[in-house]
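Before any questions on binding or motion, here is one chain by itself as structure tokens, the form predicted alone.
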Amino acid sequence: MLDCSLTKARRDFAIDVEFSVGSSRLGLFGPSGSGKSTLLSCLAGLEIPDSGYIRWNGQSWFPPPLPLHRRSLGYLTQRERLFPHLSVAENVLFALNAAARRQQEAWVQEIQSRLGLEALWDRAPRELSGGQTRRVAMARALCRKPELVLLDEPFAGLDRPLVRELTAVIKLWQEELGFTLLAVDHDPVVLEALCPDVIAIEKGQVIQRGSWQELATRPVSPTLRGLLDKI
């Protein structure tokens, strides 16, 4: 269970959100610049909230700030940040020590196969396309079997058939492994396919929470209504 209540000042407004989520898939949706990525960054420990709390299964992640390596999470950011001097395999396995690599061998092989990384395994990041780089970053985020997975625009640069395939795979993994998934995407169609429930955020505030049908039929703001026209 993730319990979160935090504030974080930004240049133009302050993020002030409160929500809880269990072992499920929850989308974070709203206009560009509304604070969704900053929220994920605070949960991951890359940014420090100004106040509030973040608790995971009773463990305090803030305050005080718990180091990133002690949080059981996988985080796919908008920028992949692969290590340029390491191969694809070394990037994916970076967070696993020798013993963990042996224990997770079957899982890593499944990720490798499902994300289509077999032919890329020994390549350098500079040899990859944007979509290939995205899939490698996703593999790295999932290889430790984290309890909390944060996905920020997870399918950027990927074509529609692959997006549909990976959406199905991520949903299957979430159901089998029972991790909590929080995902951000600018496309409501993509995010609806991945997450049955959604939190709508505008200018750092949670303005609505529910199913996509509830948001689409009773949006609480004109901005949200316009963003949901695709559904």
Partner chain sequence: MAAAVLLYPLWGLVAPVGPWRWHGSHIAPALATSFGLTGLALVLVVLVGTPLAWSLRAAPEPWRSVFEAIVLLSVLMPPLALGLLLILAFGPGTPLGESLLRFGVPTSNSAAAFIATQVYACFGYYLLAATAAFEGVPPELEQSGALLGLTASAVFRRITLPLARLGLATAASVAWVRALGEFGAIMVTSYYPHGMPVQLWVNLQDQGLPAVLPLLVVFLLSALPLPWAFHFFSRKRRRA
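Positions refer to the first chain, counted from 1. A quick note: this is a predicted structure, and the numbers were derived from the prediction, not measured.
The next section is about a form of this same protein that is not shown, the form predicted in complex with the partner chain.
Q. With a 4.5 Å heavy atom cut-off, would you call V136 a contact of the partner chain in the model of the complex?
A. Result no; V136 lies far from the partner chain in the model of the complex.
Q) Applying a 4.5 Å heavy atom distance criterion, does G130 contact the partner chain in the model of the complex? A) Although the partner chain is absent here, G130 would stay clear of it in the model of the complex, with no heavy atoms inside 4.5 Å.
Q | 4.5 Å heavy atom contact, Y75 and the partner chain in the model of the complex | A | Y75 belongs to the contact set for the partner chain.
**Q.** Non-hydrogen atom contact A141 with the partner chain in the model of the complex at 4.5 angstroms
**A.** Yes, contact at 4.5 Å.
**Q.** Contact assignment for the partner chain in the model of the complex, among L177, A168, V189, L46, heavy atom within 4.5 Å
**A.** Contact with the partner chain in the model of the complex is made by L46 alone.
Q. Among L115, L82, V108, V149, which has at least one heavy atom within 4.5 Å of the partner chain in the model of the complex?
A. When the partner chain is considered in the model of the complex, the option within 4.5 Å is L82.
Q) Quick one: which of 198 to 206, 66 to 74, 177 to 185, 22 to 30 gets within 4.5 Å of the partner chain in the model of the complex, going by heavy atoms? A) One stretch meets the cut-off, namely 66 to 74.
Q. Going by the partner chain in the model of the complex, which residues of 108 to 126 come within 4.5 Å of it through any heavy atom?
A. Residue within 4.5 Å: R126 only.
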